[in-house]
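Each of the two blocks below gives one form of the same protein chain as structure tokens; they are labelled structure 1 and structure 2.
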Structure 1
């Protein structure tokens, strides 16, 4: 236990500043959530209401929209599909980069680094032209493939760090015990990579779940859009129904907020270890 320091003016100011800052940063999230539970009459009030009886009517409006479950399904397909593909492809590549020496290894590392900075947002027009010429507009598989390549570089990068952090002796020991290289990977390295896989898939999930520019340009057909677009269009369609719009935003944000808050320490802590021990 630490000894309590005397309360000084500086300490009070410091804590007060911290409290105000915390309120500012959390306020938009709180306001989204509380507005989503407000009855219509309280939403349409000139002076904001801070105490009210919560209602779920906004949520039924939001989920009652045509095609809501189609958007949910589409979002889940593209996101989970992209993340799983990326994990699979990245595991192979990062294992090679972290554990093997071969000609061109450095070049590949450089390519991965550069690909992480790829200006996807700026390339939407070219993407549109390519998709159109190949009759691939409104395609869920194409969207999944694009998100897969969007998350691939940092998935390789972080997994590489995690693999490098596993002592190679473990692998050698397994091989001495009669495992093949593949078995050694599966039985020894893979289980140790669990935190790495978790954090990389979390970050990949957020990226794909969030993506806006590509789906905006490529999938004009409503049945092939994702929740990201649903949310922006919802607002236009429902005009001033801010309660329902906030319910929609909450539904969109909640999975990410929950997973992020639960995994943040584990994921990011592990990630640091992975990145540092490269």
Structure 2
């Protein structure tokens, strides 16, 4: 029977520090959710209110905004579309970078890294001018394409690491058994990329779902806007409606939370492995 080791001062200090950090990160989420269930008078109270009678009036106000379901539909279209396109293109690109040797390969890797590090906000004006000159303002397809380009560098870089980590001997053995290179990729390599696909899908979903600047500048027509602009609409003649804002923020965060819970087992391993292998 194994004996339990006594806790040392160092271990207690580490656990206490971890607990404090966890509370610091969790408290804003708790406050957002609890505020979404409070009446406006208690939200604006001088003293913090921790015990209250919940009300769902704020959620009714948030979802009662004109075109709410249009915003939801647009957000899902641009987010899911950008992620799927990025995965499709990145699979081919990362396989070529990881497995093939060709002139300019290192340059392509460098460009991918630079694109990942560049802040996309600096491109807003250029994107607007291009869209305006080509009569593509207020376009959901254009927004999807922009989000796809934003997500693509990270997706290529991460999947490249996963493909490089798969022993090339497995692919060669499949080819010896009669598979073409494409069949070897589909039957041998692709099933082993699940952690990478999950982690890049999660990152891409969060990036596209939360993006604000591009849709604010490019899509002035409300029928082509996304939920990030819906969050800015809760203002009245008497000031900000913080209850509706907190309710909207809670609803806005739910899809990301659901996606994370669905992908977490694979995604956590992918985030710590794919970017450092190869």
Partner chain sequence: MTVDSQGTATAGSQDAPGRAAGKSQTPPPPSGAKEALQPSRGRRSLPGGLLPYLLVTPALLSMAVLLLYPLISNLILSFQSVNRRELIRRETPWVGFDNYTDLLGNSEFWTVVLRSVAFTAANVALIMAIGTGIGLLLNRLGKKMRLVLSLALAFAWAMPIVASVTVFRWLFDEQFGVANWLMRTLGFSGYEQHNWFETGFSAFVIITALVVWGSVPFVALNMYAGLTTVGTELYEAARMDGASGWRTFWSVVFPNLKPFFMITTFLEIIWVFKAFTQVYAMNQGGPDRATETLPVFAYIEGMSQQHYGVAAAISILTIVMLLVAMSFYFRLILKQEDEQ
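Residue numbers count along the first chain shown, from 1. For the two forms, the rigid core is made up of the largest set of C-alpha atoms that agree within 1.5 Å on superposition. Note that the structure is a prediction, hence the values are computed from the model and not measured.
Of the two forms shown, structure 1 is the one predicted in complex with the partner chain.
In the core-superposed comparison between the two structures, residue 67 has its Cα shifted by less than 2 Å. In a rigid-core overlay of the protein, residue 216 has its C-alpha displaced by under 2 Å between the two structures.
Put the two forms on the same core and the Cα of residue 43 is off by 2 Å or more between the two structures. On the core-superposed pair, the CA position of residue 257 changes by 3.2 Å between the two structures.
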